[in-house]
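Encoded as structure tokens, the following chain is the form predicted alone, with no partner shown.
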Amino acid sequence: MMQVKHLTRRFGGLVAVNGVDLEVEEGSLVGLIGPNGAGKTTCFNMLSGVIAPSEGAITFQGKRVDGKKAYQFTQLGIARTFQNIRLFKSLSVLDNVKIACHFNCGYSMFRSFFHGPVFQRKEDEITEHAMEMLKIFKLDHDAHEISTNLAYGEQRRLEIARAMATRPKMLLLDEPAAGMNPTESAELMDLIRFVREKFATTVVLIEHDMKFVMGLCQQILVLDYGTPIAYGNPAEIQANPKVIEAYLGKDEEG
């Protein structure tokens, strides 16, 4: 589904990501791990169009996409969440999901001013789709609640629901378990598996919780100082000396 070749990003003299190669198969669940400052989020920002690579190529379903804008990535079928929850704090839970459908509203600005039949019909469809997402993610009873009034775990679910409202083919999750307790993390693992199976969505995620990654992902890419040092299944990654030294060893030492 996605092929990344020699992906590199420089910020002045700093090389944040250096020569990443990655192939993501359709329907797979891939993890991206590494110590703090390893370049994981920078890599995600390139895979979602937030920033452009300095070098390298990103191909999605056979088409070059590197250099496109973030909204174009969304139109192509790539959605993401962020490490820090980015909800529209003053909007309701329902409106947070509805706003994700803006690029596919189907009516012109002119029609939006006059609220004619075309506008109303499409708005009804968007509301129905948003409520369907909320029901799937068990948030429909809070549809008219202000988003920031939700519990932390529910806000995470809302962010994923909003991403899924764009009908993505690939979902990028940036540290989805951050700040969660073990029970919430276990529930999130089940939710991600559910999303992947129900929507036939390919999932790529960044996560610091090693138990979470090892229990969920099929393949894992490890970065250290922006450079890939290992790629394989969880068992291979756990036994890799470079990974133990660069990531697990540093984690054990605090």
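Numbering starts at 1 and runs along the sequence shown. Predicted model only: the values in this text are computed from it and were never measured.
The form predicted together with a small molecule is left out here; the points below concern that form.
- The closest heavy atom approach of residue 14 to the small molecule in the predicted complex falls within 4.5 Å.
- None of the heavy atoms of residue 215 is located within 4.5 Å of the small molecule in the predicted complex.
- Put simply, residue 196 is far from the small molecule in the predicted complex: not one heavy atom of it is within 4.5 Å.
- Within this chain, residue 219 is remote from the site of the small molecule in the predicted complex, having no heavy atom within 4.5 Å.
- Here is the short version: of 53, 49, 228, 35, the single residue with a heavy atom within 4.5 Å of the small molecule in the predicted complex is 35.
- Put simply, of 92, 83, 127, 72 only one has a heavy atom within 4.5 Å of the small molecule in the predicted complex, and it is 83.
- Stretch-level contact check against the small molecule in the predicted complex with heavy atoms at 4.5 Å: of 184-192, 56-64, 197-205, 38-46, the positive one is 38-46.
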